[in-house]
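Shown next as structure tokens: one chain only, the form predicted alone.
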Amino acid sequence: MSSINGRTAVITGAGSGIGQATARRLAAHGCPVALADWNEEGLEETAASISGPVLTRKLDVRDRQGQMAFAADVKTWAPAPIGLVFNNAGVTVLQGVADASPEDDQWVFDVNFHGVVHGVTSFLPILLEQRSGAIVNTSSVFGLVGFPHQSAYCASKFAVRGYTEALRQELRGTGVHAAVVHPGGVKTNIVANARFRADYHGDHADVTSAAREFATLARTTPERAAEIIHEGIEKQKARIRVGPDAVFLDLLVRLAPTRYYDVIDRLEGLVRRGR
């Protein structure tokens, strides 16, 4: 596969943020797009903004049978061979380990990790039959570093990273490529849609306050994220870092694998004092 342009692209979490921007970008590059999201309203908004073939499904990525049915529908519908399966849906919870809600931790892990696994296992047989295509799974910068009050999110994103890297080795010689995406601060609704109990510094009384701060700190637009991801897939990169903060943290953890948070904490303090 020399390019995904013009081939069918499958995207979960397509109702907003990175998924929505990627759907629009790939459609503009001639890709028929098969889009899934739990947010039906956002999904319809994405579809309405695209000129070209579009298939939409309301889907909870935790539902393995639902994902398998979606894959079967896409295989029947696809106007062109599948070039990309982008497992992108994700959620988070802000809470400390000591007083964490196990149900909230399970919710995060089920969506972020098991949702990816269901997407891969549902579509991989189609790609292997084609002997072409790319599976791209969204991790995070928190799949590179551990961060306080984000233990479940970090665990799920580290799991996505390890799972995808193992899959990539299994796919050698098959014509199918696997890549993992590590977004930094991208202006999406992930914090606004988070479950909230407490933040690390105790600065926020609720999720609205936390989301407001995240919006001021996140520097990368979804459109720029989509551009980086698209270019990374075209170059068949194994790891796609989105945003300068992702590049910085990736390098930092390599240089100081056990002391990186000391640097992060100091930089965060400087940012807070400068506001």
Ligand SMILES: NC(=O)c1ccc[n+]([C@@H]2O[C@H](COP(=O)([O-])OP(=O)(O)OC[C@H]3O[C@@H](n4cnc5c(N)ncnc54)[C@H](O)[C@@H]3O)[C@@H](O)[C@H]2O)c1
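Just so you know, these numbers come straight off a predicted model, no measurement behind them. So that there is no doubt, residue numbering starts at 1 and follows the sequence shown.
Here the subject shifts to the form predicted in complex with the ligand, a form of this protein not shown in this document.
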| property | result |
| --- | --- |
| Stretch in contact, per heavy atom within 4.5 angstroms of the ligand in the model of the complex, of 53-61, 26-34, 233-241, 203-211 | 53-61 |
| Interface membership of F248, the ligand in the model of the complex, 4.5 Å heavy atom rule | no |
| Non-hydrogen atom contact P81 with the ligand in the model of the complex at 4.5 angstroms | no |
| Residue contact check: S132 to the ligand in the model of the complex, 4.5 Å heavy atom | no |
| 4.5 angstroms heavy atom contact with the ligand in the model of the complex for G185 | yes |
| In the model of the complex: members of 72-96 within 4.5 Å of the ligand, any heavy atom | N88, A89, G90, V91 |
